[in-house]
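In the form predicted on its own, a lone chain appears below as structure tokens.
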């Protein structure tokens, strides 16, 4: 059976499983739609949290970034891992104890202000759309390659699948679908990693192979990678180009941004008790660590395989996978010296992303690109997001492993997209309509409003997936920066600083969000030519500016709270009470 048929079978079976779960777990009330009825087992919730966390950015893009930029890519690994620990250990149990299942609801109750709640709703929607754009792009990339359609059509197919189980099943459907998706993802990630680790290093444990020597040699894997990189004009793989300050700020923005991400926080309200929230956080950390500790090894294996396979290779003698990814528009070759061989070196092969001349072919039967060639020696364009997905093919693994990777990539992109879309719909139907605009709306109409909001959110997310402002992990990194500068200080001070009042919280969130958003927009859209370290504020890149936005939020919030009235006595007692992490809380008390 050929690889493409196996892909159709694997992807078809997993889709049938997801849809079957959505039908079986169809939400019948707002409680089931928002928090799965609050009765999910901690292990199941840990797996669902892991799937929610291991988005397209983690599964598809993180190893790709590390593969291309080496040490600098470790910021994503450190930031996301540290952020999850911060969220699981320091914030989630307290939020669960508070008993309000959305971030805007917590902000509104803690700061006794509907205005604060509305500001939080705006922040949630803004952050979630930024994040979901990256996920939908990931969906498009995976579909385009494995179902042999273009990326835009892939995004539309992904929208249809997410629409079905997110709108129908709500949090209940999403939770149990994510349990299945976690199993698919982790097998899809680990099996190729184990295979390739054995091929390259002779060690079946990728984490050990990463630090080991090559099979039949005394040369360490990383030394080999450094040598290959420098030979082709790339910088040393284990070296780095980012300044220490920028590395710190990006890592911190990712870390605290994680702790403020609403789609992860809401997962801790789907279990019956506070103690279960702690247990599920621990299980999720274990499940996430399996993938995160493997990612650096996958990145190195993929880089070695790519450099050894394509450099100075005759185009017409390349394996089939090259043409498949070229047809998907994620690989492109411009034969600058007309020698029929691929020169893969440092620098861009041409200006911008590849624009193909329809189906026109060159002298070696390659797809012709119309972009203006650059004056360096590099002829090959490789989209970073394909490195994990193409890895099994580059390493010439069996067809069923490639098919499993296809199913895993789709599961990763779909799982997080569904969680984010649910957060957006909940913010609109529960925090905006039920709590502000239409307080007398009955449960049936609220559930309908939530489903309509989810449907509208999927359409907007699809648009951003087709027109993304960057590749997957960068888009996601902006969402973390925005979350860091808005929610994290408000949540942290809401739990641990009883003197923080509504005026301070609102002023802090608005100032942090506006500052961070304006900085990113200026360097990414208004004046991208100025996006260099020389022009950055204190040498901090747009990816790391969320940390500065967070500090601004803290300063403004505390300053404003000092010159305005303190919170009411009952709020201060409430803050003291939630710092004692016991009791079940009442996550769905309003329903």
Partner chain sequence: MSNKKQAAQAYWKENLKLLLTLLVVWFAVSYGCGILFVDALDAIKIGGFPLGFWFAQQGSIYTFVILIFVYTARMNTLDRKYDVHEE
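Residue numbers count along the first chain shown, from 1. Keep in mind the model is a prediction, meaning the values are calculated, not measured.
Only in words, not in the display: the form predicted together with its partner chain, which the text now covers.
Quick one: from 400, 463, 220, 195, grab the residue that has a heavy atom within 4.5 Å of its partner chain in the predicted complex.
Checking each option against its partner chain in the predicted complex, the one that comes within 4.5 Å is 220.
Answer with one of 248, 517, 163, 350: the residue that has a non-hydrogen atom within 4.5 Å of its partner chain in the predicted complex.
Going through each option in turn, the one that passes is 248.
Should residue 479 be counted as a contact of its partner chain in the predicted complex, where contact means heavy atoms within 4.5 Å?
Taking the distances in the predicted complex, the answer for residue 479 is no, it never comes within 4.5 Å of its partner chain.
Check residue 264 for me: does it contact its partner chain in the predicted complex (non-hydrogen atoms, 4.5 angstroms)?
No, residue 264 stays farther than 4.5 Å from its partner chain in the predicted complex.
Contact with its partner chain in the predicted complex for residue 238, defined as at least one heavy atom pair within 4.5 Å: yes or no?
Yes, residue 238 is a contact residue.
So in the predicted complex, does any heavy atom of residue 66 sit within 4.5 Å of its partner chain?
Yes, residue 66 lies within 4.5 Å of its partner chain in the predicted complex.
For the chain seen here without its partner, which of 449 to 457, 361 to 369, 292 to 300, 195 to 203 has a heavy atom within 4.5 Å of its partner chain in the predicted complex?
Of the options, only 292 to 300 has residues within 4.5 Å of the partner.
Let me know which residues along 298 to 335 have a heavy atom within 4.5 Å of its partner chain in the predicted complex, or say none if there are none.
Heavy-atom contacts to its partner chain in the predicted complex: nothing from 298 to 335.
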